[in-house]
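Have a look below at one chain only, the form predicted on its own, in structure tokens format.
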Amino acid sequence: MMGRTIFIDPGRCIGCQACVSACRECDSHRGKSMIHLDYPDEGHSVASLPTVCMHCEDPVAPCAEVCPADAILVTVDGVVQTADTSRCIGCANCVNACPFGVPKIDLAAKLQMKCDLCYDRTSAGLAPMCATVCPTGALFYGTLDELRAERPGVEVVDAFAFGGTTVRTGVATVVPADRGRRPLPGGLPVVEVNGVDVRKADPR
């Protein structure tokens, strides 16, 4: 993971959407939020989960790898930038390649947009907008040592398993201390296929 990064603590998220509102105020994409607030079991649970760009490290960010215009750059400190407006052709390859479903395409502008860790702020030593306003610390910005100083015994994971592929990320997720550091399963559980709730489907 990156030295100073976002740590996502799903157990602390209360779904208040302060992060979503704050992201809209970021100068580089004012009026549009680049953070997703997912409800993994909507209708059955109030559980919520903030999803920011995970700034994939290994393999190199899939979104950047598949960009035919080299519009998505990665900084020396590991931040995967949003698309360069002078190069992006709006092909949506990055949208399809991202295992976390993060990039968005502005169809009118034919331009990709995504979380870039508020690089205009973090490169100047400030925290990203989302982490600045999170009232519970579900989004924590800092180093692993700083996180552990505030939350002794906390364990984090920066690897996610998608089938036979493991993706290492610059952003980390807080996990139960007894879970160990094995990769987290990537993606959300499939709950609906062609309009049918598979949780209620006949197993036969």
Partner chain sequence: MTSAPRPPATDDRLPLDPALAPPGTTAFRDAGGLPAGNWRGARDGETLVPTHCCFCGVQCGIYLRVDRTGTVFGVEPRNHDINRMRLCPKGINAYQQVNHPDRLTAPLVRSSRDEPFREVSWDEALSVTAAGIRAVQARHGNDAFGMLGGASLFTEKTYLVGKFARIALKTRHVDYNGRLCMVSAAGANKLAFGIDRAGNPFSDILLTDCLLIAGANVGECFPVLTQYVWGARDRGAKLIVVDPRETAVARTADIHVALRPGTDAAFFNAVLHVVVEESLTDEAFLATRTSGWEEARAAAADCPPRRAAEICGVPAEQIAEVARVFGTADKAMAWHARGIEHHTQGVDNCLAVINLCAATGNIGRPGAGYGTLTGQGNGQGGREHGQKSDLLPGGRSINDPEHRRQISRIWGIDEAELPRAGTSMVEMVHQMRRGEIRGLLGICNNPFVSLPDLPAVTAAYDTLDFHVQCDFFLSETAANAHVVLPVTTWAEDEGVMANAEARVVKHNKAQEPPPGVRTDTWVMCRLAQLLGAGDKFAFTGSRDVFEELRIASAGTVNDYYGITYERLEETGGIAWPCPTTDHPGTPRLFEDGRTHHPDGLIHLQRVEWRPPADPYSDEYPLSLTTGRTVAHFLSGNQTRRLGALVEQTPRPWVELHPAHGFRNGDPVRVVTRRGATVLPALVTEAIRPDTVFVPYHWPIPTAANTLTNAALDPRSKIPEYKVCACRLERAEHLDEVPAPPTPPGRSAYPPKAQAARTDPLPPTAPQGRGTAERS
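All of these numbers come straight from a predicted model, not from anything done at the bench. Numbering follows the first chain given and starts at 1.
Missing here is the form predicted together with its partner chain; even so, the following discussion is about that form.
Identify, from the list 83, 129, 79, 102, the residue with a heavy atom within 4.5 Å of its partner chain in the model of the complex.
Spelling it out, the residue with a heavy atom inside the cut-off is 129.
At 4.5 Å between heavy atoms, is residue 135 in contact with its partner chain in the model of the complex?
Flag for residue 135 set to yes.
Does residue 141 make contact with its partner chain in the model of the complex, using a 4.5 Å heavy atom cut-off?
Flag for residue 141 set to yes.
Would you please decide whether residue 70 lies within 4.5 angstroms of its partner chain in the model of the complex, comparing each non-hydrogen atom pair?
No.
How about residue 39: is it within 4.5 Å of its partner chain in the model of the complex, going by heavy atoms?
Residue 39 belongs to the contact set for its partner chain.
Tell me the stretch among 61-69, 44-52, 158-166, 175-183 that has any heavy atom within 4.5 angstroms of its partner chain in the model of the complex.
Among the listed stretches, the partner-contacting one is 44-52.
Relative to its partner chain in the model of the complex, which residues of 1-32 have a heavy atom no more than 4.5 Å away?
Stretch hits, in order: 4, 10, 11, 12, 13, 14, 15, 16, 17, 18, 21, 22, 24, 25, 27, 30.
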